[in-house]
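The form predicted on its own is given below as one chain in structure tokens.
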Amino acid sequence: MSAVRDGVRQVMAWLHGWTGLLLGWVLFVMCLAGTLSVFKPEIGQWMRPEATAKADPVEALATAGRWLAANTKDTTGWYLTAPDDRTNTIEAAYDSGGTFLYRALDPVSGASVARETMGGEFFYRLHFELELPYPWGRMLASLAAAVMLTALITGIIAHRRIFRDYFTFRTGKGQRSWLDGHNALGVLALPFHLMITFTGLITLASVSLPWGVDAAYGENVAAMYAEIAPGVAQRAPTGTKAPLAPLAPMLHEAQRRFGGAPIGRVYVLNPGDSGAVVSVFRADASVVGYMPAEVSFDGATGRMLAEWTENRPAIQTYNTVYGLHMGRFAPALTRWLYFLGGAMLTLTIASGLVLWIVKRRERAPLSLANRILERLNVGVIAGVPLGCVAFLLANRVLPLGIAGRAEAEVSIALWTAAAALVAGAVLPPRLAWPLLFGLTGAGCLVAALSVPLGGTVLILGNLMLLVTAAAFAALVGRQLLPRRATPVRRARAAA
């Protein structure tokens, strides 16, 4: 029986290593971006330090509606997210003159804020779309999540002493040290890692497992959405112009029907047309399993058209799983635990990728394939954080008011990460690691010093950047220390 168990563990260890390697770089990007997304609203505040005004959410939405009515044309819809305790701007998506735009609007003036940026939305989108066109990014993310779940389960089975390993860390012993670190990071937050991976896989199930939807609805996607959200009121534009009725009375009426619960989102379809529809949604930040509630009004007259509250158990089950993954319900302490768990998962993946190379280097000289993998490790593990820091620095360097400013920030982040990937491929790892880590640490330091102190979010953001800069400085110092000779077990045995 012992031989059978050992055989199973060896198979699981082999599967754990290969599944982790094949999509490890994709998983590293997803986990790093997902970890940062925990503080998506706060990152948005940090990247818009001039936007300090606050206003009642209803008044802010009404003001934003007036500004949009005066400053957009040929619009098919406005999609607004109300400000709350964590966000001091109105997040707006709308089309104008054939261009689809994403903007943060000032809650007092309703106008687009001066420092145009995607803020934390960039990391959120990167987490599950990987900057790839729909649906390819989401399909790759879904495949990576499935691989991650396989790696976690096989890793549990492969471990002989899973809990003892958590309390074991031997420094300066090459492969043994990397394995100890990988095990400790993976074991400590294992329940969180399993939960976040499983729920992430479920949230992308419509992309990765489309056959059920295809069998039930075929190409009639509208029928599917109508069944999922039967309370949605939609009307085609009439072509007859009509001013939008004041939003504030509609918002107050919807809030009264929500039992005083805050408003989360407002959709205005066909604004400026007599067929306009205003749909008001209850906020989803207070519960794990959010159940949609919506009140719709005739946009031209303000008359209520429909009222709907979701209460189907299957929808609530899915929404609970979705809510657990998103963590919007989480109070501050839980949010930090999400962040810490995500950071540990990111480091588990990174240490696993490095461990793959260290194991093979200690057994024999690296093959050409493993030397390529080693340099890809450098480019991705050191380059992606450098791209993230470049995104923050671009937010400070680019002039205010230039066209396409938000897109330019994203481009700088992606080109920086690409340049780091090239540097990792060209330079020897003993030079590339400290160079890229040093640039990332220096970037964090400069970013922290570039923001004036003012408000809790800015202070905490700067402190996090300083801590990160110190961590990268320590990594650089360790990289530059003289190294002991790496043992080559098989070579010695052969000799």
Partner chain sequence: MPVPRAASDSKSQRQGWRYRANIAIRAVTACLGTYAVAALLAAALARTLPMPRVEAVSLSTLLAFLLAPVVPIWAFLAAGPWRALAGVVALSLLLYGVFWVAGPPA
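This one's a predicted model, so the numbers in the text were calculated from it and none came from an experiment. Residue numbers count along the first chain shown, from 1. Whichever C-alpha set is largest while still superposing within 1.5 Å between the two forms counts as the rigid core.
There is another form of this protein, the form predicted in complex with its partner chain, and it is not shown here; the text below is about that form.
Contact annotation: of the candidates 399, 313, 98, 172, the single residue with a non-hydrogen atom within 4.5 angstroms of its partner chain in the predicted complex is 313. Between the options 253, 84, 407, 227, the residue in contact with its partner chain in the predicted complex by a heavy atom within 4.5 angstroms is 227. Although the partner is absent from the chain shown here, 149, 202 and 317 each have a heavy atom within 4.5 Å of its partner chain in the predicted complex. With a 4.5 Å cutoff on heavy atoms, residue 211 counts as touching its partner chain in the predicted complex. Using a 4.5 angstroms threshold between heavy atoms, residue 215 counts as touching its partner chain in the predicted complex.
The shortest heavy atom separation between residue 321 and its partner chain in the predicted complex is within 4.5 Å. Within 4.5 Å of any heavy atom of its partner chain in the predicted complex lies no heavy atom of residue 75. From the list 339-347, 381-389, 84-92, 227-235, the contact stretch for its partner chain in the predicted complex under a 4.5 Å heavy atom rule is 227-235.
Along 125-158, a non-hydrogen atom within 4.5 Å of its partner chain in the predicted complex is carried by 149, 150, 153, 154, 157, in order along the sequence. Taking 2 Å as the criterion, residue 178 does not count as shifted between this form and the one not shown: its C-alpha moves by less than this amount when the rigid core is aligned. Superposition of the core reveals a Cα shift of 2 Å or more for residue 308 between this form and the one not shown.
Once both forms are fitted on their rigid core, the CA atom of residue 135 lies less than 2 Å apart between this form and the one not shown.
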